[in-house]
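Let's start with one chain on its own, the form predicted on its own, as structure tokens.
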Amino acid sequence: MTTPMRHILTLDAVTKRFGDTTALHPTSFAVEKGEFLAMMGPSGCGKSTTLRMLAGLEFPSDGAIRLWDRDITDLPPWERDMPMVWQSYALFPFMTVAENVEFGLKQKGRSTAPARRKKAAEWMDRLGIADFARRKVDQLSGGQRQRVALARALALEPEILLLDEPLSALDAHLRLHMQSELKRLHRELGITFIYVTHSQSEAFALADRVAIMSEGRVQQIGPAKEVYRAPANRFVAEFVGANTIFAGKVLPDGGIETPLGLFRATDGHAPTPGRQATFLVPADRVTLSAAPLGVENEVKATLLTEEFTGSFVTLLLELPDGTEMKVQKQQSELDRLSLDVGTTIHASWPAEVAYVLKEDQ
């Protein structure tokens, strides 16, 4: 007999109102033990409010939060096994590194002073900050402070670790290094991570699943590749990835008539003849050519700008109806085309990569 799966954390129709403003509409989802879940969305979408309710810093207006089978909806933070790592680190400047790491253990009061010092020392060593144990935190770099904040939270050996944009204050190089550290820690410890971020690259690089939020609602939750390649609606399609979105009327044979001409899209949801359909073309699936190839799904475009980002180049093209199209290519591919701003070029894509969104989205 198969044992039913138990979720470590469950949100059941959780709602949060501040006066007449609804910050989070009824929201339900579950998190598995050991999962890395990232919540992402624009400012004011409800992701930080959700995290604060999980931490016990805010309480739901309606709904329930359960840790395993225990209702923790109204419990204060110290009665939950969910410490938070803050964007601002929230360290005590008058304490040493060792005292900061030991602080949470001391507040719990579950062990002797020697045992607390031993555990704090173990975590400082594990996170590479043992040499700074006697320093005050204001003598540390941003990356070192972030490690202190992580060590303080992980020393509690929680079942769930909450992270509120923990890397946003770091420079680009250090941010990438800390991403690797977080991924390593998650893999080695098996602790459930719930991570709020504005950064798509962070969310996609780190998380097992990504929750995209907008206007107090979860728009889609799923693996990063699924969210990127098969967005649930137009908001997700525009928010993630570098997609170009087209819309038109579906013809009897399934083609989609747009102001730019007839296109075909065979990925995603089957369009209904006679209805309007919206489909997206991923930036990394577009072919560029100096001359027309005579294939379906081909448009003439003008190069507006290009942005070199190291591993690839993002081109911004203008189509005849004014639509802006993004295309991502390796530099070696572009060298053969000798493009300049203002150059006319032809863009095309196969029907099987054009993803049709759900109707009425």
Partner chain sequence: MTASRWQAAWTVAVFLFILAPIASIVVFSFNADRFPSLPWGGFSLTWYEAILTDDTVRAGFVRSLKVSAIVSVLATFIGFATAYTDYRFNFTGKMPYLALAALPPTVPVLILGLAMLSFFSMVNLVGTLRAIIIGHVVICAPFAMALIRMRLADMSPDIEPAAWNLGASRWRTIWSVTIPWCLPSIFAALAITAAVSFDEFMIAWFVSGLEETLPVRILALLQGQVSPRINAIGSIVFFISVTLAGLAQLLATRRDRQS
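Because the structure is a prediction, the values reported are computed rather than measured. Positions refer to the first chain, counted from 1.
There is another form of this protein, the form predicted in complex with the partner chain, and it is not shown here; the text below is about that form.
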{"property": "Exercise: R147 in contact with the partner chain in the model of the complex, heavy atom 4.5 Å", "result": "no"}
{"property": "In the model of the complex, A130 touching the partner chain (heavy atom, 4.5 Å)", "result": "no"}
{"property": "In the model of the complex, L319 touching the partner chain (heavy atom, 4.5 Å)", "result": "no"}
{"property": "Partner proximity in the model of the complex: L251 to the partner chain, non-hydrogen atom cutoff 4.5 Å", "result": "no"}
{"property": "Heavy atom distance at most 4.5 Å to the partner chain in the model of the complex, all of F29, F36 and G44", "result": "no"}
{"property": "Proximity to the partner chain in the model of the complex (heavy atom, within 4.5 Å), stretch among 270-278, 222-230, 152-160, 194-202", "result": "152-160"}
{"property": "One residue of L182, M124, L91, L167 in contact with the partner chain, assessed in the model of the complex (non-hydrogen atom, 4.5 angstroms)", "result": "L91"}
{"property": "Interface residue in the model of the complex among Q107, S141, S111, S289, criterion: non-hydrogen atom within 4.5 angstroms of the partner chain", "result": "Q107"}
